[in-house]
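For reference, the chain that follows is the form predicted alone, supplied as structure tokens.
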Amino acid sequence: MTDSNAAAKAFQLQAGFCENLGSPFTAHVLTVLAADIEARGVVANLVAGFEEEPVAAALALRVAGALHRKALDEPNGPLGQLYATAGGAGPDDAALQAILIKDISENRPHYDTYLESPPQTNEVGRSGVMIGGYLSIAEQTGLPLHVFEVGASAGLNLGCDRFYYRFGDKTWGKADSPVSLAPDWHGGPPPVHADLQILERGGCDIAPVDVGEHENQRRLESYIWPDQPERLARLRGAVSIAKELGTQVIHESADVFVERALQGSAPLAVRTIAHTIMWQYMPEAMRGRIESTIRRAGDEATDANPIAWLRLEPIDVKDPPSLRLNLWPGGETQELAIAHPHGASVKWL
């Protein structure tokens, strides 16, 4: 059973993260919920039966997502009038508190159900960083890519070559793409002259999301922070591309997926293992197995059959994510960029 003090602290901690990552609205919502938990109110009762550790299980984001989902489904309702993504403008603080607590109290089955599953996100903005890595692979090898993403969620970033990008004063991609990314760019541009072709793409996840189902798409939308409507627009654009490509994300353990992806050979193509902001959440033993599999395949790589490992991950949990590439033959680690966790800003190295 979740201790109220631990839950309140978890909500306050997440509020600070949201504030720092550009979502003051979500931060304010979580602060209101934390105060109700401390007062042993409706929210305290909602989370009381939650058995997992509240921080590790992202309990605060589960509740925030449930509230946002209600607003998206009922744009003319009280919550819809609060949330910008549902067309609302947001009332004063007193009204916010009253409406949040009232909705949870009156619609308890919805919130109980939402808390049963962890937040499922697929941050499209990270493609604004990853695309630079794919371009670098194409430039260094002169070959097309087969991309295999670990922890791909709905596979939205597997369509990154169909997006439009602005890197400072340089651009890449199709200007009419439904997804346009223009991170705050520092340093020189990635190799936009490279001939990037992704011939094969696939992903795995422990809980893959089929965006062909409306319920799954709406759940992804619910975890977008409501005062960041540009992220919601990108998500919806990326969903349309994923449907067009027929992107498949399979339910499979990451180590098994990587081993299968690197079996055999793919002549005149670069088999690329990719992942973003998920490495720290995997058990250490599984991380070790995946890295060993990649390096063994790298030892057998040739110029006509290279292996690449591209990841956007913090080296330490306290560090900002860095974009790193290992490309075999050779295999030296290339430090390409440092980036915001959502891809909002990029320092190209």
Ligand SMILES: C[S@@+](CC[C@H](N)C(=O)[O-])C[C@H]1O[C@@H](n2cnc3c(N)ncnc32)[C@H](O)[C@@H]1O
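Nothing here was measured: the structure is a model prediction, and the numbers come from that model. In this text, residue numbers run from 1 along the sequence as written.
Heads up, the form predicted in complex with this ligand isn't pictured, but that's what we're talking about next.
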**Fill in**
Students should find that, of Ala182, Ala194, Leu96, Met278, the residue having a non-hydrogen atom no more than 4.5 angstroms from this ligand in the predicted complex is Met278
**Message:** Can you work out which of Arg201, Arg271, Arg162, Arg126 has a heavy atom no more than 4.5 Å from this ligand in the predicted complex?
**Reply:** Arg126
**Prompt:** Residues in which of 140 to 148, 221 to 229, 104 to 112, 248 to 256 have heavy atoms within 4.5 Å of this ligand in the predicted complex?
**Reply:** 248 to 256
**Ala58, heavy atom within 4.5 angstroms of this ligand in the predicted complex** = no
**Message:** When the contact criterion is heavy atoms within 4.5 Å, does Ala84 count as touching this ligand in the predicted complex?
**Reply:** no
**Message:** Can you work out whether Asn122 and this ligand are in contact in the predicted complex, taking contact to mean some heavy atom pair no more than 4.5 Å apart?
**Reply:** yes
**Distance check, Ser153 to this ligand in the predicted complex, heavy atom within 4.5 Å** = yes
**Message:** Pick out the residues of 183 to 210 whose heavy atoms come within 4.5 Å of this ligand in the predicted complex.
**Reply:** Cys204, Asp205, Ile206, Ala207
